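In the form predicted on its own, a lone chain appears below as structure tokens.
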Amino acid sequence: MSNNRCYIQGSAAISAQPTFEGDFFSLPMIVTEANNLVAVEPDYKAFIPPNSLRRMSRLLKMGLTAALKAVQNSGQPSPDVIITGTGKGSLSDTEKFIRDIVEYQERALNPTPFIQSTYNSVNGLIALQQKSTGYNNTFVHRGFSFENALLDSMLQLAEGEVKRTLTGCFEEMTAEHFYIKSRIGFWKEADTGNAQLFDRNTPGSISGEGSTFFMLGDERTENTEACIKGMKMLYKPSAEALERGLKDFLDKHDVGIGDIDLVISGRNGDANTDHYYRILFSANCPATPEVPFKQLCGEHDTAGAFAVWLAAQILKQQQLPVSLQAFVANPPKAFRRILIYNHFIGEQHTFFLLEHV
């Protein structure tokens, strides 16, 4: 990724924590005893007309509302382009359409679930609401879905043709999909609440869902939260390639390990894949404070976007939220740079570097 700066001018996150409404920084973590974290949904009526609301699925509501809130928080006009990423799209609409095919024997099907099950349905709704007729794209690349959306946005801004991009992601979990993923070892077998996620060295993690959006621009504004200096993606790297990738990434942006004030890691309690974090951090930045984030949002394809949102808020507020303070004995006096390292099931690995503005 080039060295062109990309500013987060406004953002919004709907997650299993009070990140959309309420004081996330001062409130304790919402705790669950089950293996899945369910999104805390806001009052949609403030953003979506009632006649539209009743026809929309849960994921469409989450995605559209998070996007509109990010635009609102930025204080900027409508975005020039809209780019999103999703690993699965609207699972509930997909499942409903498939069930209807069987139930009605492929006759007299309601087209709405099919239309809303397409990956770009959220983008279309945002564009209609914002009266945006510019570039509109959705990436569906599993654990690189949000990352590719962010990369596309950064390239759009670097080319200078656009000034503002609305970039985000959205995921939901259904009972059927949770069961399917549990059969292939994604989740822990025993009920493990998010408060105990790192206490048991067992395979699997806990599921999550939510929607995170960013209004990105090439200029700093009065509402700017942080600067995204860069991002690097690695597919199925060896331990050596991962370490080399981190070094090259930091060197490219003229940053040393000593310049990093905080590391946000994607540790998720999975005994099969958490060794990536342990090995990388112990070898390269053993003295740098590290906080995990997936006990807050759960594991899903686009969880990395929540980490970027979290890093931006820490840089803006210049403090750690109450829910993360127990992980850092001696927090730095100031947060200037935050490194994020996350991977999805040990295959798609990503580094993000964010700076205070």
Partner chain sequence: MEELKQKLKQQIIEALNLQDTKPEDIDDNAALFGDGLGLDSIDSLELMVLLERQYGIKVEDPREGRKILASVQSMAEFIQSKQTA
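Residue numbers count along the first chain shown, from 1. Keep in mind it's a predicted model, so treat the numbers as computed, not measured.
Not pictured, yet referred to below: the form predicted together with its partner chain.
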query: Position in contact with its partner chain when the complex is considered in the predicted complex, options A283, A271, A195, L109, heavy atoms within 4.5 Å; finding: L109
query: Which of 321-329, 291-299, 33-41, 53-61 lines the interface with its partner chain in the predicted complex (heavy atom within 4.5 Å); finding: 53-61
query: Exercise: I115 in contact with its partner chain in the predicted complex, heavy atom 4.5 Å; finding: yes
